[in-house]
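Given as structure tokens, the chain that follows is alone and in the form predicted on its own.
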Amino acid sequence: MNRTPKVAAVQDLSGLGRCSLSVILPVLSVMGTQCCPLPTAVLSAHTAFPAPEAAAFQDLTGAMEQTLDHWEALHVTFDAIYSGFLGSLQQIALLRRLIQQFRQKETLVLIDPVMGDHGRVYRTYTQEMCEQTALLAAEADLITPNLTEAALLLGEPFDRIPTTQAGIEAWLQRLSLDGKRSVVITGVSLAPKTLGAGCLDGASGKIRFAMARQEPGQFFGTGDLFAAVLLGSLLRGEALSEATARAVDFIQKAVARTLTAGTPMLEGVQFEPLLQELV
């Protein structure tokens, strides 16, 4: 009997808007992985929805600590630990505890250092949180920053984000910490009307790029969707370059389908009808 890989997913859950756990759970499940959520917060809708003053937000930091205590008592093990947006310094510390206590020799630690996008740091992220996220990312086997987050991790100003293949390759090398970890930089465009990702495999040192047609608009949750497809592919034994290409292709198809359907961008991408392609 084949054993199902088990993933500890440290993410928030939004009632409205396809992002975080609402996309990670179905993607990892259909790809043959057991997703074990460690929710950081529950929101009525993701933060870009209007009327934020009426939004519900429940911080689950206390429940996170209790969950880790219970998991420790159960002697649970994970094939992967995957984190995304974190809401506080305390949650960053709890994620570090999760990694230290539950990481086995074969456990894959994927950290998506969600700190900003489009040359801006998210308003909830302080300078200290960015610094602690960078220290946390140093413990990962794989990180998946976008270009803004890559600049933050490297201490580079946003106006020096590279736009050439050589520049992206140099950043991939630096982010790999001399091959100590693998890196996927998302949101890379090497030619007009293309968008994709560049990856460096820490084990082989090889760099590959996966590109697709760039669709108009900016959709929420695509970074979470990308990382989930990437992780699911890796846990099925695919090489990093193959997993990156699969994730880039899936995002492009999901965005194109969403545009055709006319779904509001705030609701995220219509990925559900495409899940069968990931089986």
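Owing to the predicted nature of the structure, the values given are computational and were not obtained by experimental measurement. Counting begins at 1, following the sequence as shown.
Not on display, but discussed next: the form predicted in complex with a small molecule.
Stretch-level contact check against the small molecule in the predicted bound form with heavy atoms at 4.5 Å: of 38-46, 226-234, 240-248, 61-69, the positive one is 38-46. The small molecule is not shown here, and in the predicted bound form it never comes within 4.5 Å of any heavy atom of residue 78. Using a 4.5 Å cutoff between non-hydrogen atoms, residue 136 does not count as a contact of the small molecule in the predicted bound form.
Put simply, residue 255 is far from the small molecule in the predicted bound form: not one heavy atom of it is within 4.5 Å. At the 4.5 Å threshold, heavy atoms of residue 9 stay clear of the small molecule in the predicted bound form, well away from it. For the candidate set 94, 109, 168, 114, a heavy atom within 4.5 Å of the small molecule in the predicted bound form is found for exactly one residue, namely 114.
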